[in-house]
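We begin with a single chain expressed as C-alpha cells, specifically the form predicted alone.
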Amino acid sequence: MHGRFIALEGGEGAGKSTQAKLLVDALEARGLKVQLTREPGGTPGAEAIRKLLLDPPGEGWGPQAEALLFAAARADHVARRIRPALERGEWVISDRFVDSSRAYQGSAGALGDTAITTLHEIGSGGLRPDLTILLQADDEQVAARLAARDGDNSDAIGSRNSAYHRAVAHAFRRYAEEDPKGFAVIDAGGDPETVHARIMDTLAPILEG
C-alpha cells in the first residue's frame, strides 16, 4: 500500500512545527509508521543547504539563487526520503513543501509561479502532497509566537519586512482558494491541542478511507 503525504504550510509563527509533531504522535498512536520531516532539510544534503539559506554567507542570496537552492534541497529530500517512505507505505508529514517556495520566492520574491513549479517538476517530478494543511492565525498571535520562538534572532527569511510576509500570506490564501481539494485551511488560533483537533477532524476522511 502506498503511503500518504501531508504538508503543513503557512507564514512565520503559524505553528507548523508544533502541529507537525502533534500530528505524528497521533498517527503513530493509531499504529501507522510515520516520518516527520521539514523543508528545507530532511536529508543530510538538504540540511546543509538549509544552513546556507537561513544563515547565508556574505551578502546573502538573490531571489534566483535562493529559489535554485530550495529546489536543490527539495530534490534531494524527495528522492532520498519522501518517495522511499511513501513506497514503503509510510506516512510523511512535512513542515513546509513546495507551496512555501511558491509563496516566498515565487510570489513575495517576484519570480512568478511558473518558474517555481518548473524547477519543482525538474527536480522533484512535480510531487504534490495528498493534502496541504494551511495554518492561518491572526497577527497578534503570530507576533507572540515569533517573539517566544526567535526573540531578536530571526533567520534570514523570517526577518524580512512586513510587506514581504503579507505577500506570502496572500499567496497562500490564493493557492488554497484555487485548489480547494488539495488544501485544507485551518484556523491556527487558540492553544495547540485545539488546533490539533481541527487538523484531525480534517484528516478523518483520509484516515478512514
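Start at 1 with the first residue shown and count on from there. All values derive from a computational prediction rather than experimental measurement.
What comes next is about the form predicted in complex with a small molecule, which is not displayed.
Trainee: In the predicted complex, is there a heavy atom of the small molecule that lies within 4.5 Å of any heavy atom of residue 155, even though the partner is absent here?
Mentor: Within the cut-off, so yes.
Trainee: Considering non-hydrogen atoms and a 4.5 Å limit, does the small molecule approach residue 48 in the predicted complex?
Mentor: No, residue 48 stays farther than 4.5 Å from the small molecule in the predicted complex.
Trainee: Would residue 120 count as touching the small molecule in the predicted complex under a 4.5 Å heavy atom rule?
Mentor: Outside the cut-off, so no.
Trainee: Indicate whether residue 91 is a 4.5 Å heavy atom neighbour of the small molecule in the predicted complex.
Mentor: Looking in the predicted complex, residue contacts with the small molecule do not include residue 91, since no heavy atom lies within 4.5 Å.
Trainee: Taking 12, 40 and 70 as the candidate spot, are all three within 4.5 angstroms of the small molecule in the predicted complex by heavy atoms?
Mentor: Answer is yes for this spot.
Trainee: Tell me which of 107-115, 83-91, 70-78, 121-129 has residues with heavy atoms within 4.5 angstroms of the small molecule in the predicted complex?
Mentor: So the stretch in question is 70-78.
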